[in-house]
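The chain below stands alone and is given as structure tokens, in the form predicted alone.
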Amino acid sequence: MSWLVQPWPWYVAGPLIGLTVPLLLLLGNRRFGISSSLRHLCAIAVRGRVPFFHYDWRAEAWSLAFVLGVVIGGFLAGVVWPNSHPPQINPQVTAELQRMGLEATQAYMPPELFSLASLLNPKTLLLLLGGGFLIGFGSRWAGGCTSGHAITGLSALQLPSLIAVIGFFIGGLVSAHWLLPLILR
């Protein structure tokens, strides 16, 4: 059981993720991605009211099962079998987080942003909601999210996915180095 709760090395996890793409294509011409699942959920909820949601969402029901598996897997990994040895963060990153007013714990999610108590802070709540909206809008605008473009699109040698992935990286660098320090001041 310990092999399951420990972080897997990149040379195991990476190929397993990469092999998911051809497996999904072989098992029914399906594409790996998660952002389109929100559209399927909306099609279920507001069916018949919005023309954008007039399609057979049942044909894509497998992706909703995938999302459910991600949620269950995240719960099991984070709550039921949490890693007793959290990953070490680079000391330079720790110093930068402290300069931005974030506690530099040995976890990926600072409690100032990712805790139930932080949701009571209007600035934090606005930051999380605004960030979620921008990620959702950007994913629809780009025709997919990072996993869809970077894993499926690049493996299929699609130029639009290469452009999208380059844009994701540039946006991530700009956000991490310029926007986040401004927002957290």
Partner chain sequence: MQQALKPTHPSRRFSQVLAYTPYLLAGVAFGVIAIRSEISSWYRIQEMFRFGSFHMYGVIGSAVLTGMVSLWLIRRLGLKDKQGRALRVEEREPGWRRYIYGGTIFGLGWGLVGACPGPIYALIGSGFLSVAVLLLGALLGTFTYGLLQKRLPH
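Heads up, when I say rigid core I mean the largest set of C-alphas that superpose within 1.5 Å between the two forms. Numbering follows the first chain given and starts at 1. Just so it is clear, the model here is predicted, and its values are computed rather than measured.
A second form of this protein, the form predicted together with the partner chain, is not displayed here; the remarks below concern that form.
Q: Please check if residue 123 has a heavy atom lying within 4.5 Å of any heavy atom of the partner chain in the predicted complex.
A: Because no heavy atom of residue 123 falls inside 4.5 Å of the partner chain in the predicted complex, the answer is no.
Q: Please check if residue 44 has a heavy atom lying within 4.5 Å of any heavy atom of the partner chain in the predicted complex.
A: Contact with the partner chain, no.
Q: Please run the contact check for residue 101 against the partner chain in the predicted complex: heavy atoms, 4.5 angstroms, yes or no?
A: Output for residue 101 is no: heavy atoms all beyond 4.5 Å of the partner chain.
Q: So in the predicted complex, does any heavy atom of residue 28 sit within 4.5 Å of the partner chain?
A: Taking the distances in the predicted complex, the answer for residue 28 is yes, it comes within 4.5 Å of the partner chain.
Q: Given a 4.5 Å distance limit between heavy atoms, list every residue of 124-142 close to the partner chain in the predicted complex, or none if there are none.
A: Stretch hits, in order: 125, 127, 128, 129, 131, 132, 133, 134, 135, 136, 137, 138, 139, 140, 141, 142.
Q: Hey, does residue 162 budge by 2 Å or more at the Cα between the shown form and the other one once the core is superposed?
A: Shift at residue 162: below 2 Å after core fit.
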